[in-house]
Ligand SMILES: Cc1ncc(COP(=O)(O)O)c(C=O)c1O
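The form predicted alone is given below as one chain in structure tokens.
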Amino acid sequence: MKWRYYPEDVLPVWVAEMDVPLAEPVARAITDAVAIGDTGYPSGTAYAEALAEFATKRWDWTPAVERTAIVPDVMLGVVEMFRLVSHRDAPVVVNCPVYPPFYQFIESLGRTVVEAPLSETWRIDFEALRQAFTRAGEGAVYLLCSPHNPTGTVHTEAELAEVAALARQHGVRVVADEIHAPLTTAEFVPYLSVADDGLSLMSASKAWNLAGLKAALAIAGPAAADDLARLPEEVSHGPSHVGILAHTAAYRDCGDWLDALLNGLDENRRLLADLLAEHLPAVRYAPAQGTYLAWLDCRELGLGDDPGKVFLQRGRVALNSGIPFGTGGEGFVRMNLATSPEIITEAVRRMASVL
């Protein structure tokens, strides 16, 4: 999709998948399964066990395997969590600007989105969140993006504890999308390590480039175990068995590969900062602590609310427009840094050519 959606003369640095070769243990898990015809239905808890081992090593937190369930992917898992913990028309609070499918999935369920804008430094604004919880009312859901997409903010333990306290005070349930958790330079704090009544969705999809191999895990805190236990059995039929094998291998055997990736992303962040300073100094960019995404403030370029459209039409470089990310996205673009230095350099050159 990344390379075929636009014409061949367009350089794509938009959709969130990486230009990297697969980690060898992941590739081996897939080819071994195909070699013996192991392409049936998924079974067992190996995926959850691999995540638990990874989380223990990386975050000093161990999710309970018995409080997990496999789901097709993170966003479909989010939808199922909404159904478990809230009535069918309960509003959903989000921190804008935020991942556009949050809006799409919420609205496709016939629910109302209640926005709680982030602060000017892209951190949770707790007064805005309190007001959003009040507007949404008791019984609403808060869809927490952690680490945050598109800003790359990594929430602190204190911030997450305040989220949990505020949610309990207002009778709001928290569902955390933590798909980018392995992709952090700052300390990542799992939401369930500070809130026993939360629900989380995790996956190896982003960190090991497995978007085409569908599989994710829903995880419940101790006080939410009964909620997750009500998940319909047929939901577990959606994930790909081969996907689960790949995700399991990623968590279990590919820590060194991930470390090398994180080093490369750090180099790419520094490269982008240098290139923007040289060629597009009016673009404001703060290298993120998480994800492989760059949130670029282009408001001073004079290209209007949708600079991404201008970069595409006149520069032949495809970025994500900030507008679908909700309130606060006007004048911004999101750039994917999980690619080669040469592509990042060419993308900035094309963006600068527009001016």
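Numbering starts at 1 and runs along the sequence shown. Because the structure is a prediction, the values reported are computed rather than measured.
What comes next is about the form predicted in complex with the ligand, which does not appear here.
Note on the interface: of 259-267, 154-162, 69-77, 118-126, the segment with non-hydrogen atoms within 4.5 angstroms of the ligand in the model of the complex is 69-77. The ligand is not shown here, but in the model of the complex it comes within 4.5 Å of a heavy atom of residue 206.
In the model of the complex, the ligand sits within 4.5 Å of a heavy atom of residue 16. Shown alone here, residue 214 lies within 4.5 Å of the ligand in the model of the complex, counting heavy atoms only. A residue is said to contact a partner when one of its heavy atoms sits within 4.5 Å of a partner heavy atom; residue 99 meets this definition for the ligand in the model of the complex. Interface residue among 254, 145, 141, 114 relative to the ligand in the model of the complex, by the heavy atom within 4.5 Å criterion: 145. Only one of 192, 246, 218, 179 comes within 4.5 Å of the ligand in the model of the complex through a heavy atom, and that residue is 179.
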